[in-house]
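Below sits a lone chain in structure tokens, taken as the form predicted on its own.
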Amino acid sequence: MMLKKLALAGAISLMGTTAWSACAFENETEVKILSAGFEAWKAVTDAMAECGNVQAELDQEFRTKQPAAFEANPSLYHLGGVSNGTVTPLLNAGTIRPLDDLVEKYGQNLQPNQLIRVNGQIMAIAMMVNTQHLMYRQDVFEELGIDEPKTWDDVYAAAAKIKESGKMDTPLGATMKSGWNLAQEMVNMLPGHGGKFFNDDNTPAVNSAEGVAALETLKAALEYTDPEVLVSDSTYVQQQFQQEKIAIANLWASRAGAMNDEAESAVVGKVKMAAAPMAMEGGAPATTLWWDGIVVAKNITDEEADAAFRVAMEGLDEEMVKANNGAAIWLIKGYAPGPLAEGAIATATANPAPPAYPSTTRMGLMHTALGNELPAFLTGERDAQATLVAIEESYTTAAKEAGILN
């Protein structure tokens, strides 16, 4: 079950007439879900659709659409696909419902680590773990005698050698689209350099030597990336790999399966997965650990919530995992790790290990500030120091408005 048109931001699947061949019940209640558009979500929503009356909207801009859609009364969707980085606005707004009663009713096959609790209540069901990890063209590396990169310095040295060989003008892919994607690269890189985002009193701490080092490491990528890198998101980089335009990228593990999709990839069997590069020797991989999963809207009827959760459990069952084992690092029973999971597992089990992305209000505000202010640094409009000052000022303004700072 591969997602064939990942470039279509608003791909909608209307699934109301699907047969119920692999579903334990016939769903007679309309269920709508808004989620990201990567392969794992396609697999899950396809499995949900086997129950009937399911409409799945797979949209890479889901994180900007969900808050308003769930705030509507009634909610525009019954289910949401979220991560620990995108669930926070929904939690803060109170637009998703506790799931304890539904888990007791229908969640007998869930694993304990799938139950995401907030203040003691189950608020989400995790289906997979995700992280950015290194993907590289093993055939190109072997041909040019390049060792597997361990640090970002190694990555840039490998990119330079590939560029000098004439095989590719822009051998490196990067998810540096202005906004959320670019901010996430800084979220990876600053802790990787030993820096931190906040002081104990919630004031910002990015204006530091580590902050400057993180910015310089990010900017060094531009010598080897597509000139359009500031519009480059995960789908863009995935397609660059599939079309043989790049040889290296620190890309989400959820994109690994697409490399071996014979229907759309020219690099089947050629892309190797490895741990995310370290920003400095002896440090943790410069990335963060995530989970992806499902939430249920608050502003729907109890009957709709019951049907939606029951359908979701059909999408998150062992049968789906066995049919789509390589699509994700599943937390669901039946998952058997394969070669495509090697990089993510190496990243998650590194010593020291990378941090989990913090699902906090202050991190959400910082992420927004990063996304707004970092492009000016990469385009040369501001130097590193001025950029860090601008980030701190932007965060401070938002934090005061949110009541986090006085």
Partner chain sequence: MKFKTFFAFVAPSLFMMILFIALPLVSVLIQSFQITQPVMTQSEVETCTPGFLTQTCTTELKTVPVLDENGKTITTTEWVGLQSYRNVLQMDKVWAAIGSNSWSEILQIDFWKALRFTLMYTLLTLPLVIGVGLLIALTVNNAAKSLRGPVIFISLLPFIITPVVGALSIYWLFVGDGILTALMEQWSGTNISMFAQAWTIELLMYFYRVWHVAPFAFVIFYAGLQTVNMDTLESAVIDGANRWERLRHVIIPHLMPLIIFIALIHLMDCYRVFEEIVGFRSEAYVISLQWLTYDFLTPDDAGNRAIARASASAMLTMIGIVFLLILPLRRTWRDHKGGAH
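Computed from a predicted model, the values in this text were never measured in an experiment. Rigid core here is just the name for the largest C-alpha set that superposes within 1.5 Å across the two forms. Residue numbers count along the first chain shown, from 1.
The discussion below concerns the form predicted together with the partner chain, not included here.
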Site check Val140, Ala213 and Ala274: each within 4.5 Å of the partner chain in the predicted bound form by heavy atom: no
Contact stretch among 36 to 44, 51 to 59, 373 to 381, 22 to 30 - heavy atom within 4.5 Å of the partner chain in the predicted bound form: 373 to 381
4.5 Å heavy atom contact, Gly269 and the partner chain in the predicted bound form: no
Close approach of Leu365 to the partner chain in the predicted bound form, 4.5 Å, heavy atom: yes
Touches the partner chain in the predicted bound form: Ala69 (any heavy atom, 4.5 Å): no
In the predicted bound form, Asn188 touching the partner chain (heavy atom, 4.5 Å): no
The partner chain: the contacting residue among Tyr156, Tyr335, Phe197, Tyr106 in the predicted bound form [heavy atom, 4.5 Å]: Tyr335
Answer option from Ser208, Ser165, Asn92, Thr301, heavy atom within 4.5 Å of the partner chain in the predicted bound form: Asn92
Sequence-ordered list of residues in 318 to 341 near the partner chain in the predicted bound form, where near means a heavy atom within 4.5 Å: Ile329, Trp330, Leu331, Tyr335
Core superposition between this form and the one not shown, C-alpha change of Thr203 at least 2 Å: no
C-alpha of Lys298 moved at least 2 Å between this form and the one not shown on rigid core: yes
